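Alright, two takes on the same chain below, each alone as structure tokens: structure 1 and structure 2.
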Structure 1
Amino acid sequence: MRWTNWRFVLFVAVFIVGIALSVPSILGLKTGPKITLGLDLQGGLHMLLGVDTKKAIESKIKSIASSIKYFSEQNDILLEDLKIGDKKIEFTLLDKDDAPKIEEFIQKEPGIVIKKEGLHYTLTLTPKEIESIKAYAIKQAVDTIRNRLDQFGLAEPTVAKQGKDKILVELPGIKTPEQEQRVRKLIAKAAHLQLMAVDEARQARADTMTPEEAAEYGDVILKDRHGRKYLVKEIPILDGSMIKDARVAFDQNNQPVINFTLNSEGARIFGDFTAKNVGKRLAVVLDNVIYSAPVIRERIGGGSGQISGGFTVAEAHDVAIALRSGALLAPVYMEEKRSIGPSLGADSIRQSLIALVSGFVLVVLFMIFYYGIAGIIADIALVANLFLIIGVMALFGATLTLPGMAGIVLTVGMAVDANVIINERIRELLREGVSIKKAIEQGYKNAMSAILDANITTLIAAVVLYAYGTGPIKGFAITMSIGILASMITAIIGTHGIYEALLPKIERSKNLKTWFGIKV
């Protein structure tokens, strides 16, 4: 026997590598390359989030207005009717001598178009600026959500931008509905902190005033957690973008509170404001709900503040995470959600394994029944093929999904195809009375173009499937492509090597019935 032909050696090498790479996945070892199970097989939460970029533009407008207001107050520039409308800011200047000063300040902000009618200014954003705010809002949402989930302490969360304006979130670790609920809330939390001035002059009328009337004074009506209404200035003193840190602490009554620290700019604005407004109330607003509205007793320097207001510890913890990781510039909403319970995933694995094993046994027996020893050889290639698929997937850390399992099962059915084609060719040649050695050589040669053409066309379909598919379909395309490529090695090169090794034995025995399942 000639076991040292290159085909056989290559086949054995590939076989061993396949086994070595797939052992960690099959036995569930801690070390070594392993296949990741898709969410449909291990359970978990899959979400596709949309981003409401309109809100990001609104808040950008708001923050520009805030800084104009702060600047004008600092420089004793008198503005009348500073208002924000649909994608624009309007104000009137009282003293035209101030015009150059304020225009210079506004021009420092990028992407603003100034329209001037006398002393009435209208500011809008350029289309390019709007696009860049949108793009930034999405990127920022991805980063923020990732940050929040990382701090939440889940195993392997995936947060990635998908398509133009969507965010894919995959959380394999989610097992209970309560966990899922908490995660969803944490992601959805805008964590938009604003410090707003209470309009003390009109606060008494807060309960009766309509929102339209409030808007005329540049105010908005907000409620606190007990439903009490407050009239606050629409343009905030500062917002969460200036927060440096937020931590859970406990007050004298042992209630959880959140201490936050502002960056230097925020601290300066905060200090100036509190100095000028002693005796007035300052509303701490989180996601448009007033948490507390303490009276300012003195100038607060150092830039730290506190949010109190009857949190539970877990709530305070999640709010602190959200504040720390930053506000979502734009709120997110759910476009698609798939949550799979762990028991369903386990069932899916079990059922597809049953299908895989029974299908495998059927094919193996059928091949032996039909081709004799040639069938056994094809079956060896099939086994090698299976290991190779698992091994290669583990090597690249590919994700195995339920359709991926189906892909493997299907590959078992189709992988013997190449050997069927080859065996048919060999039989044909043997019937024509060609010598065994020549029949094998020629059989492989004749079969090759058909096998290549057939595999390449199937591969084209699989690649397209991969490029255009999503999630589970991608998984299917991966297993199918790897299966096709692996079968080229095992079924074409590997079996050829085995025949070459066994050739002297086949030639001696001359029993074509046992070897190829035919009588000539």
Structure 2
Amino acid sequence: MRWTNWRFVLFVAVFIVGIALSVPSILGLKTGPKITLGLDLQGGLHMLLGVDTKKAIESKIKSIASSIKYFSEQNDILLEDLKIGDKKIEFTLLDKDDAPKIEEFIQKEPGIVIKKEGLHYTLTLTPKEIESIKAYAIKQAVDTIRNRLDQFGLAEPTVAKQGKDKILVELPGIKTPEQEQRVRKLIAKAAHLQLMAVDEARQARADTMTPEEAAEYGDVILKDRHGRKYLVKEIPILDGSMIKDARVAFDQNNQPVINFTLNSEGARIFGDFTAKNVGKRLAVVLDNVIYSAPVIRERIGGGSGQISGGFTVAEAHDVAIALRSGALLAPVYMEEKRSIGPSLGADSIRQSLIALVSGFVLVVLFMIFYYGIAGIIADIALVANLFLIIGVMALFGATLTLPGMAGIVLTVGMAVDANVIINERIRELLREGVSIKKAIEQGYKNAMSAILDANITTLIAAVVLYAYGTGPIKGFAITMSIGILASMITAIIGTHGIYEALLPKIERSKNLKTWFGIKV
């Protein structure tokens, strides 16, 4: 026998690797690579979120106003009554000679309509720009939530846009109310960081001033975590869009704080502001709550700052994740929530395993009955195929879903189908009186084009499903893709290697019914 042919050696090596990688998943060992079960198999949280796109428009208006304020200060352009209204910005230019310069700057911002009455300007967004902001807010919310959940460490969360303005979120493995509460807070957290100037001239009146009075001065009233009121300028100095990084650290009292770093533009604005406002207070505002309002002692260069405020370690960790992944342009709200219990997953697993084992046993018996030893060889390749699928999925941490298990069952059928085609070609050649060696070689050659056509077209369909599908559909596509590639190694190369190894014995026996289930 020729046990050292390359096909047989490769098949044995792949078989052993498949067993080694799949054992932790099959036996439920604590160590080693394991398959992650999807939402439908292990239970978890299903949520449908809506996006308040009106807030995104307000945020855009505020951002434009902040840019105009900074530009005017940098270029010594005097503006009066720079205010934010209902979807508009208003200001009065004090020197008409500055009109061309400020208008040129505003026109660089896309989608703005400028209405001018003398030196009084009113800026509004075009309907097209408003729709664009709404669409971008939803896309940004999808990306931000996905980033936050990835950094939180959840395995294979599903975050996808659904319909025109909804977001589907599926989180496998969320089982306790505490886990659910923490994840929901992380998802919904706006994480809108702003650095705002305290209105020192009027701060003493913060406790008695109404919001309407504050608005007359271009101010807003915000509270810190202890309920103390601050009067701060409505237009922020800069916001969280300029954050480059945020990390948890500990202060001198060993309390968790969040150190953040700004990008180059943010660092420049921050440095300029602190240089011009030494002795005044700067409020660090997160989601409209003031966390600290330290007095500026000197110019702060380098573009770094700190948020402190009695965080727990878990809170600081979640806030840092939210800041790193970016603020939500618009708040999200819950439209639908379903908790899927693990008992449903256990029932699904049991029923799917019954289907898988039943189908597998029937296929094995049929192959032995119809093809004799050739059927046993095909069955060995089938077992190797299963171990290889599980092993590769465990190695890459892929998620197994209920459709994914259906994909494995389907792959079993496709894998055995390849050997059926090969065996039939070999039988045809043997009936024509071709020698056993030539029949095996020619049988594989003749069957190859049909097998490759079927596998490649199915593989292309699986890739398309993975690219455009979500959640369970992706799970189905993954198992199909891995199963097809595994069957190419086991059902084609592996069985061919076994035939080459057994060829001398087959030629000596001359009993083709035992080997291939036919008489010649």
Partner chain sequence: MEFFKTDKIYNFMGKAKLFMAISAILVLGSWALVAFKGLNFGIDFAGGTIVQVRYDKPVDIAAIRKALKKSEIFQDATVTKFGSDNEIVIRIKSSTKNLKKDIGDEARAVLKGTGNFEIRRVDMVGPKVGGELREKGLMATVIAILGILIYVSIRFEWRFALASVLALVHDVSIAMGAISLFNVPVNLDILAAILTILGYSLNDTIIVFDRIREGIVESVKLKDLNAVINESITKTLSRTTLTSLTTFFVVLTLYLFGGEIIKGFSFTLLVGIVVGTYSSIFIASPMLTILGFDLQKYRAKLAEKRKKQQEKERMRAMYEQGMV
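No experiment lies behind these values; they were computed from the predicted model shown. Just so we're on the same page, residue numbers count up from 1 along structure 1's sequence. Definition used throughout: the rigid core is the maximal C-alpha set that superposes within 1.5 Å between two forms.
Asker: Specify the structure that is the form predicted on its own; exactly one of the two qualifies.
Answerer: If we ask which form is the one predicted on its own, the answer is structure 2.
Asker: Quick one: once the rigid core is lined up, does G301 have its C-alpha move by 2 Å or more between structure 1 and structure 2?
Answerer: No, shifts by less than 2 Å.
Asker: Rigid core aligned, does the Cα position of K101 differ by 2 Å or more between structure 1 and structure 2?
Answerer: Not so; K101 is displaced by less than 2 Å.
Asker: Core superposed first: is there a CA shift of 2 Å or greater at P211 between structure 1 and structure 2?
Answerer: For P211, whose C-alpha is compared between structure 1 and structure 2 after core superposition, the shift is less than 2 Å.
Asker: Core superposed first, then measure: what is the displacement of the CA of T36 between structure 1 and structure 2, in Å?
Answerer: Superposing on the rigid core gives a C-alpha shift of 9.6 Å for T36.
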